[in-house]
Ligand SMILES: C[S@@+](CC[C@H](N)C(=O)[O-])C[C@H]1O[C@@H](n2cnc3c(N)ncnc32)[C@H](O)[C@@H]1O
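Just one chain is shown here, as structure tokens, and it is the form predicted on its own.
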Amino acid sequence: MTQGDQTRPADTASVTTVRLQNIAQSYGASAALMAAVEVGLFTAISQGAGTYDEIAAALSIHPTNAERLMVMLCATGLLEKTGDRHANAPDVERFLVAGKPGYMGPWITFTKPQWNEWGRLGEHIRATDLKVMGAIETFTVADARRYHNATYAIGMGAGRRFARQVDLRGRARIMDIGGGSGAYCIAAAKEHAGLRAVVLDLPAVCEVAREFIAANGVADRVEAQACNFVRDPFPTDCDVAIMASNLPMYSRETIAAVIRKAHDALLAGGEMHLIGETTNDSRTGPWGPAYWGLGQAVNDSLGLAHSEADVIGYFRAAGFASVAAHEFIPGALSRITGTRAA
């Protein structure tokens, strides 16, 4: 043993570069998932194709490319292999087979237009001219339609979950702040026949929201109203406020101000529900909220990942009573609630 070997810390022998390499190259896993959705691989497997050759024939691709893609999908746990046959993992079979209820293929490719900008993340991190709303403030109707065609399916699932979790009996009118496609309002209106709702969002988004509202047959009770919720006033005849899945898009100051404005606009005894991608209180995870927070650098906005404790603090500072945090989707979303005093 050399002198160098004798002085080397014992634990360094087990430290390798593998984890760092896998993280650096993990865009390959994202690309494989998106490509599999785009070519219909998971749907073909659900319909019976299981080998490399069967997939190649079903998708009209080269057998070598079928093998390359399927090996990667197995490595990521998206496919399961027995002998020479493949099956979809349970979550893939449920959510990524075209034609099945809950299909979320458009959501999987939703962030793909940002691919090149993520490659420039270092440049974005150096930027100093950040904006309150980032790129979303200049949305066109075409932008809004692409965005919400991707988010609608997953949004409706979340909206139905909300309607199951929250007792809205006796409530009269919801305002959904930055309500996008209107999924939460649509789901609530379908669950409660006497409930009315208003989606508050940018003009281009409202145009698209009205299409989803009409398609669901609730246009007589759900409307979309143009509102830049950072600047514009809120309606004062609502007893429920929702703000869902746009938390990381805004700064601490902006979120605190919106919650305060919602509190002041709600009727006495009204309640607010913020469903957001919150980190743990030590701000070390989970992965999803951290990702959405970092993604705001790509949009050159002031948004960031907020912790659950942060949001509870915003509610209390706004004057809400009975503030509490509830698990909404484990590892992804929390639901923070508060009530305006009667």
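Residue indices: 1-based, along the sequence shown. No experiment lies behind these values; they were computed from the predicted model shown.
Unshown form predicted together with the ligand; subsequent notes refer to it.
When the ligand is considered in the predicted bound form, only one residue from 163, 78, 136, 218 comes within 4.5 Å through any heavy atom, namely 136. Note on contacts: among 124, 171, 148, 260, the single residue with a heavy atom within 4.5 Å of the ligand in the predicted bound form is 148. Though the partner is left out of this view, residue 249 does reach within 4.5 Å of the ligand in the predicted bound form, counting heavy atoms only. Among heavy atoms of residue 267, none comes within 4.5 Å of the ligand in the predicted bound form. Using a 4.5 angstroms limit between non-hydrogen atoms, residue 74 is distant from the ligand in the predicted bound form. Contact annotation for residue 227: at least one heavy atom lies within 4.5 Å of the ligand in the predicted bound form. At a distance of at most 4.5 angstroms from the ligand in the predicted bound form, all three residues 184, 202 and 245 contribute at least one non-hydrogen atom. Stretch 249-257 is the answer when you ask which of 249-257, 111-119, 98-106, 78-86 has residues with heavy atoms within 4.5 Å of the ligand in the predicted bound form. In the predicted bound form, no residue of 295-315 lies within 4.5 Å of the ligand by any heavy atom.
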